[in-house]
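Starting off, we have a lone chain in the form predicted on its own, written out as structure tokens.
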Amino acid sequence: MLGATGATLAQPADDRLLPADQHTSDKARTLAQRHVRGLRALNAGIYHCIPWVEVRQHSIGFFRPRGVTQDDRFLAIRLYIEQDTSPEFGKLSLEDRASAMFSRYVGAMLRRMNAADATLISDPLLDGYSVVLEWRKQGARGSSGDRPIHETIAAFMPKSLVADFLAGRLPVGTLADTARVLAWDGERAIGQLRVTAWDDNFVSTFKVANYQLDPGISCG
């Protein structure tokens, strides 16, 4: 997926970040300007170290959570997850599929967000974090029959909750219990889901066949 030879390292597209001037409030623009280097590092780390996920255009930024009227700003990232077909996964209920995805990716993304910019968690303008996960729904297609349906969950977590999780004071199960998680089946909004979560080191241990990191890149 990524060029691993030659003198020039493959680099992620910078348009994965929502530009500061396209944020919709002074608060959000200030956050985007203040933390742009950290957001670029976050984007690059995912690009090199988690090559089976896709960060699409303008999918990293400081967004207002859905349904919130005041100008709360959450650092948000949206990932499309490419995964092999699994009959076992497909047979699970939506709640169980969402729980599995939450367990695999939400904690890992929160750690990456903090590692990319350790000053984020203490920024008084930041109100929380959001991780949006999208994946192909197995065995389902749209009304035209030629377009796959995607399932999506969006987890919203206040900064104090994330701070406790990152410091080891809060287990991932409690993080899931307390997070606000919304779900979609294709374009259809499901509403809030109750998910459970457990420790899952998939992101740090899974290896893509025949994939090699560019020289000088370390994933820790």
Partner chain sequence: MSSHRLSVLLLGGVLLAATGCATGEEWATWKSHGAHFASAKHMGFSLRNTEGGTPRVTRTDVALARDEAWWGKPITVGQEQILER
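Residue numbers count along the first chain shown, from 1. As the structure is a computational prediction, the values presented were derived from the model and not from experiment.
FYI, the form predicted together with its partner chain isn't displayed, but the following is about it.
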Task: Heavy atom within 4.5 Å of its partner chain in the model of the complex - the one residue of Val53, Leu175, Ala32, Val181 that qualifies - done: Val53
- [ ] Would you check, heavy atoms only and a 4.5 Å threshold, whether His58 touches its partner chain in the model of the complex?
- [x] yes
Open item on the list: Taking any heavy atom pair closer than or equal to 4.5 Å as contact, tell me whether Ser122 reaches its partner chain in the model of the complex.
Closed with: no
Open item on the list: Does any part of Glu134 reach within 4.5 Å of its partner chain in the model of the complex? Heavy atoms only, please.
Closed with: yes
Open item on the list: Test of understanding: in the model of the complex, would Ser204 fall inside 4.5 Å of its partner chain by heavy atoms?
Closed with: no
Task: Heavy atom within 4.5 Å of its partner chain in the model of the complex - qualifying residues of 157-189 - done: Trp184, Gly186, Glu187
